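Only one chain is shown below, in structure tokens, and it's the form predicted alone.
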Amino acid sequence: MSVSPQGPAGGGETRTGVVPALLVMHSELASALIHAATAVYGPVEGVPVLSNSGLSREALEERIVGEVAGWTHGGLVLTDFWGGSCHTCGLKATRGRGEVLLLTGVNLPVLLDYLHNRDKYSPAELAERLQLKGRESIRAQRCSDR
């Protein structure tokens, strides 16, 4: 399903409730992203962060499972990059949990878009929107000396 940047697909209906998210990233990156998002967006509430620092893969997976266990209507586990421990543990922890989706490669524009739209889309629609936002936020620009 394609999602318009202006609103949810299907004619402007909005979703009630907020799609929960968990940031799972290496070292202090998740906390730093929340800090940066706060400077742009304002206070950020309801987005827990989890670092892999000091955790075995098993412990990290257990912590993720513990965070998403109560998400009865789905949610998003947001990780920093494909193939790392945060991604692989997130993938294992979300498997078989219906509308709990894993989105990897998350950056500040993606997090900000999530914050602005977490109450307007289903988890799957929001994940698709955020994936597009991530692609669009990475650009190469040549700066001319002229």
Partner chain sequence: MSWVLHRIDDRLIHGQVLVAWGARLSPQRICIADDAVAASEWERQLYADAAPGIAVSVLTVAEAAAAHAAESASPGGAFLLVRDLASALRLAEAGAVIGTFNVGGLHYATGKTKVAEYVYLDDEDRAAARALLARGVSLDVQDVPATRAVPLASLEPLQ
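Please read these numbers as outputs of a predicted model, since none were measured by experiment. Positions refer to the first chain, counted from 1.
Only in words, not in the display: the form predicted in complex with the partner chain, which the text now covers.
Not one of Ser31, Ala37 and Gly105 places a heavy atom within 4.5 Å of the partner chain in the model of the complex.
Residue-level contacts in the model of the complex: of Gly98, Pro109, Gly66, Gly84, one residue has a heavy atom within 4.5 Å of the partner chain, and it is Gly84.
Remark: of stretches 38-46, 112-120, 66-74, 51-59, the one touching the partner chain in the model of the complex is 51-59 (heavy atom within 4.5 Å).
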